[in-house]
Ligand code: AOF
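Here you get one chain, nothing else, as structure tokens; it is the form predicted alone.
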């Protein structure tokens, strides 16, 4: 029944921000009479997987029911051994369950249907595809990274109605009001890492942490500064390089002179090279906040999966804006598929995907 899978999804989402770079996974064990006798989710990276937590939650008085029960799982049980936790497919087989219903196959190249094949070979009935679209949405970061070998990219900025992200001098506090800024914190929490350009860091001195009431219980994303040829000494006095944040703050730089620094992610100077370097570091989702030059780079190369634009009812007349190669005809403009605008106080949010990225 879909209600059991829905519960598995509810559980899976409890791991948000804590399990990356792993996917969110939930599991529910249902007895032959339709009673839930076990449930669990992947709680933190390196911790027990959802299937383990689910079986461990079964009361001793119900253990005799396990062999005749059905396991609902949001993702195909893993079957590879070169990781921190043992293969969940082995555990499922050992428990001797009768049937497993799975939302999504795991696109990880070392799983990708092999877990299902192993379960079927052991005589377990396997059904795949229940709430498949919901699973694709929940784990879109992980699935994109596994399929494209780069992070899932979410671009975000705030602008005036005449398209300005900051004044000519770089001032951008605050284009939008408090409700929009709090919602931006929620979007931050969905990604594994926040990326900004070095000029944004020098001008705004941000901490890039989660501060809203809604996100305070979540884990802060990693902080990435695209630093060009600059060095760490130019930034050490700023907020995001304070001792309590330093361990999770990194330079993303083509400067070979600092490439041996453990806090530097070195790349070849190209956007594809940068994304490949982040993928190798197991950074599977990226929230790009600015400034205008960094955002323009991603947009010009059409390298993104999602976009969020906060629009404030203000006019600057002149200022810093997104700059892209010019087109001659309207038909050549890059089109987007946005959901219905979300009103946030005096501002509104457009959130959607590029029509070419579907």
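Keep in mind that what you see is a predicted model, and the values were worked out from it rather than measured. Positions refer to the first chain, counted from 1.
The same protein also exists as the form predicted in complex with this ligand; that form is not shown, yet it is the one meant from here on.
- Segments offered: 179-187, 256-264, 272-280, 104-112. Contacting this ligand in the model of the complex at heavy atom distances within 4.5 Å is 104-112.
- Using a 4.5 Å heavy atom cutoff, none of 225, 241 and 288 lies near this ligand in the model of the complex.
- Interface residue among 193, 155, 252, 78, judged by heavy atoms within 4.5 Å of this ligand in the model of the complex: 78.
- None of the heavy atoms of residue 28 is located within 4.5 Å of this ligand in the model of the complex.
- The closest heavy atom approach of residue 85 to this ligand in the model of the complex falls within 4.5 Å.
- Proximity of residue 50 to this ligand in the model of the complex: non-hydrogen atoms within 4.5 Å are present.
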